[in-house]
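Just one chain is shown here, as C-alpha cells, and it is the form predicted alone.
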Amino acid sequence: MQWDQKRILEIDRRHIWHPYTQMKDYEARDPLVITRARGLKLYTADGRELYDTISSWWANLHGHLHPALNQALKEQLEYLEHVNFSGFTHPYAVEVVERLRRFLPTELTRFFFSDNGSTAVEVALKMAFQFWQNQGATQKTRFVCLEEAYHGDTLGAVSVGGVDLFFRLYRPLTFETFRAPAPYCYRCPENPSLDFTRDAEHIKCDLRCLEGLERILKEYSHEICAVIVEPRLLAAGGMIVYPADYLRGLREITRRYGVFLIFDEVATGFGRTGAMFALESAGVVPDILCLSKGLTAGYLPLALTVTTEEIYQAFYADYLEGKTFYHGHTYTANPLACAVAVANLKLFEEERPLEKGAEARAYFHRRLLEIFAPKEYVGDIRYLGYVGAIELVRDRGTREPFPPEKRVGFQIYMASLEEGVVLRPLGDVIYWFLPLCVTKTDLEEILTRSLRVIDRVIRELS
C-alpha cells in the first residue's frame, strides 16, 4: 500500500495532539509515520525500520502481528463484535476468565472487566472504598500509595500516583492520599554502596522504606481502605526494581492493620518480569489485582480487576440495601478483545514462551552489565525479566543527575530513532521493555545500537 507521507504529516501537524508530548518539540521536526509492523520491528512510510524496544508502550508481548492472534480476531468477526455486558454475558469473556484462573492464585475468584489500565485501577479503588462503606466502616476513605508510583492518568489513578512530573499540576482535582517512601534502592539514603541494583535480590537491607509505610498504617489504619503498589517494578517512576522481601513485608503489615492490598500489574503482568505475574516472585497474594496491557498482547483495549470472594460478598445483597457496585463502561468485555485475550492465554499454555525465553533473559541481564558497567555516565543498572534500565548521571561517585535543561534522555531518544531503535526515556533513565519473543541475536543488535547512540549523545553534550 502506498502512503502519502507529506499529507499525513500535514494533517497531523494541523490537528493531532499527541500524548505525553510537548508539541513544541516537533515545531521543526516530524514524528515518524509508522505504517506497518512485524515481529520486533516497526516500519515507516519512507521505508526505515526500527526495533520496538518499548513494546509499543509496554503492551506488545509476542511480537507484532502474531499469526495466532490475527486468526483469533478474524474468526471472532464472524460471530459477535460487541454487546452490552450488563445483564448479558458471552462465551468469549467466560473463556478469558477460565483460562486466566489457571495462572492466578486460587484466592482470586471474582473478575470485573473494563477496558484499560487506568480504569482497572479506578475499579480497584472504588471496590476497596465501597467494601468498607457497605460494611459500615464509613471512616475508611483514604489510600496509601508510594512515591514514584504510577497507576494511570484518570483522576482516581492520579490521586494514588507519586510521579510529580506527571501529576503535580492536577493535585487540586484529586483526593488526598498518604504517600509512603518508594523502595528506590539506588537513591536510598541507607544504601551507600555503589554497586548496581540489578534484580535487587542481592541487596541486603533492613527495609527502612517499609518502616515509613508502617508508621502511616499504625497511626491512620482506621481511615485507610487499601495500599496500592506496582509489585517489584515501579515502571513509569523510572523502571525502579526492588526486592521481593518488600512485598512480603507489605503483605504482613496490611493484614496486621486490617487494610486491603492492591497490586497494579498493568505493566508487570503476563510474563514481563520473567514470571507470569510479578506477585509470584514474592509468593504473596493481594486482595485486588489490576490487569491490562498484555492481556490482549497489545492488540485491543481490555482490562480486568480481580478480587476475592470476601470483597465480592460485601456487594451481594438485596437491591434496596444500596450495595450495588455502580461502575461500568460501554466496551466492557468487548468480544473482539476477549477473543484475542483467549488466543494470547493459549499461547502461554501451548508455546510456553517464559520457559523458552529463560536463556535470552539471562543473556540480556549479563550483556547490560558487560556493556554499560564500564561507562562513567551510568549510575545504576537494573533489570527484571524482559525489562532493563540504566540511570544516567553526571557523576557516578556522588550520583548527581544531569541538569534538567540538558534533556539528556530526550536527546538520546531523538538520536535513537536515527539508529533504528526506540529508546523512549523516563527522564534520564534509558530502558528496554522487550517482548517475550526477543532472541539473543536481537538483544545484541539492540544493545549495540543503544550503546552507540548513548555514547555519541553523552560525548556531544559534554
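Just count from 1 along the sequence shown to find any residue number. Predicted, not measured: the structure shown is a model, and the values here were computed from it.
Below, we turn to the form predicted together with a small molecule, even though it does not appear here.
> I'd like to check something about Y150: if you look in the model of the complex, is any of its heavy atoms closer than or equal to 4.5 Å to a heavy atom of the small molecule?
It does: once the small molecule is placed as it appears in the model of the complex, Y150 has a heavy atom within 4.5 Å of it.
> Could you confirm whether I240 comes within 4.5 Å of the small molecule in the model of the complex, counting heavy atoms only?
Taking the distances in the model of the complex, the answer for I240 is no, it never comes within 4.5 Å of the small molecule.
> Evaluate V340 for contact with the small molecule in the model of the complex, applying a 4.5 angstroms cut-off between non-hydrogen atoms, and reply yes or no.
So V340 does not count as contacting the small molecule.
> Indicate whether the small molecule has at least one heavy atom within 4.5 Å of a heavy atom of Y431 in the model of the complex.
No, Y431 sits far enough from the small molecule in the model of the complex that none of its heavy atoms falls within 4.5 Å.
> Pick from 115-123, 251-259, 136-144, 309-317: which stretch has a heavy atom within 4.5 Å of the small molecule in the model of the complex?
This holds for exactly one stretch, 115-123.
> Check for me: heavy atom within 4.5 Å of the small molecule in the model of the complex, for each of D199, R232 and A278, yes or no.
The answer is no; none of D199, R232 and A278 reaches the small molecule.
> The small molecule isn't shown here, but in the model of the complex which of I224, V96, L213, V266 has a heavy atom within 4.5 Å of it?
The residue in contact is V266.
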